[in-house]
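Shown next as structure tokens: one chain only, the form predicted on its own.
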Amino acid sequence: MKWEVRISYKKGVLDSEGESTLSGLKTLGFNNVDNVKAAKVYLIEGNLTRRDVEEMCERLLANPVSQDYSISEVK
């Protein structure tokens, strides 16, 4: 199976990469951009269940204090 895992910062946690990108876009004249959020995406393949991937997120991929994650099966 193929899985997509998306890791992003929780609401209220400083996203310095997103803020920096927003600032750069405004400097380039893209003044209609209101917000930018950065996220990491992992594509994971193997004989894995959703629970296996959740455990990967909980144990390694995401920091539960500051990050959220979402898991999607890729067909």
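In this text the structure is predicted, and so the values were computed from the model without any measurement. Numbering starts at 1 and follows the sequence shown.
In what follows, reference is made to the form predicted in complex with another copy of the chain, a form of this protein that is not presented.
At a distance threshold of 4.5 angstroms between non-hydrogen atoms, residue 37 is in contact with another copy of the chain in the predicted complex. Another copy of the chain in the predicted complex comes within 4.5 Å of no heavy atom belonging to residue 73. For the stretch 22-61, the set of residues having any non-hydrogen atom within 4.5 angstroms of another copy of the chain in the predicted complex comprises 24, 25, 28, 30, 32, 33, 34, 35, 36, 37, 38, 39, 40, 41, 42, 43, 44, 45, 46, 47, 48, 52, 55, 56, 59, 60, 61, in sequence order.
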